[in-house]
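Next up: a single chain in structure tokens, the form predicted on its own.
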């Protein structure tokens, strides 16, 4: 990295950040008064995790975001040390936030994580109502020091929420509560009824209409080339039995195959999700610019033939469209690349190229291989497997005759979509690294580049 670049105030062009300081999980994604609201875990005073606030942005199109004042500050009863992750719902023309209050209490088993409620008439100014799911509401056998991240929805005349929990003598669980008024809640059941492979589950999200569950696991063991990240993301398909609080899982899989994706949450009122475009237990080279962490671009999701299908909700002004025969060179540091190929046999795409520095995606033996080993500043995590140490992540390629590959590229990130699957990663090349090289062997191939303005 050039020395003079270290003082440049630089941010992603279209990804959500906290502007200053640290962010992680997206929270409270909701459509309210005709606009998309996105909140997020935020510590404005440092580029490292600290007492959590709720940052806040709004959008009319899910592409361009306007920053609003911080929605929640820690310090209320039950949340003296942080307002942790949660969700949002609109009811009787008011916006409600259900979130985890955190009290340190000296650490260990004295920590308390309990669920709190806040409300707003205008979507900007919030009134706190305190703890609404307390320790006394948590059944025996679950830990009140690992009890967080409520996701709320309404079915018929009842509110429901799933909350991440931990068994006292076991591992991560997801438990279901119900309420008639948002203020008094009762336990219904344990969704999966068994310990997770990881130590703790986080950020559960249930989409009733699609019978689709998202969640994350901390310290998840590897499963072949899946879940190589120490902290991973999963989806499950299956019917939730509301009387018992049990979910009959029919199929499960990974949401994102990349290095940097965690804590996905879906919008209340839209089939769109956003995740944290980063990962725990990694260094964050963006710290020197005064910020750390960003959110993914929104993704529209559906279930097709028993599989999770994702496409990015982003489009810009088309600046390049050309037929490709053999190879192509272009220049850009951000934007959207769309490659449509029929009869694709081989493909190698290099992004942010400058000299020997580049980020690469290639098609190898029926799978996409993403390589950031030469992307710029080194990103080091807790993973020790061969692929992680080599800067590699892999994603299956669709078997369709026509390949539609979409690459969303920003200053410090790459998000790749093909066949309904996704692979996301951060990269930290030189700021002026803008070379694009495409080599392709196919019956027909069209390359399109869009700029986001």
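Quick caveat: nothing in here was measured; it's all calculated off a predicted structure. Positions refer to the first chain, counted from 1.
From this point on, the text means the form predicted in complex with beta-D-fructofuranose, which you will not see here.
In the predicted complex, residue 280 approaches beta-D-fructofuranose with a heavy atom inside 4.5 Å. Within this chain, residue 65 is remote from the site of beta-D-fructofuranose in the predicted complex, having no heavy atom within 4.5 Å.
The closest heavy atom approach of residue 203 to beta-D-fructofuranose in the predicted complex falls within 4.5 Å.
Contact between residue 427 and beta-D-fructofuranose in the predicted complex is not found at the 4.5 Å heavy atom cutoff. With the partner omitted here, the stretch from 419-427, 396-404, 31-39, 48-56 that lies within 4.5 Å of beta-D-fructofuranose by heavy atoms in the predicted complex is 48-56.
Only one of the listed residues (296, 265, 85, 233) places a non-hydrogen atom within 4.5 angstroms of beta-D-fructofuranose in the predicted complex, and that residue is 85. Checked against beta-D-fructofuranose in the predicted complex, the candidates 353, 112, 227, 148 yield a single residue with a heavy atom inside 4.5 Å, and that residue is 148.
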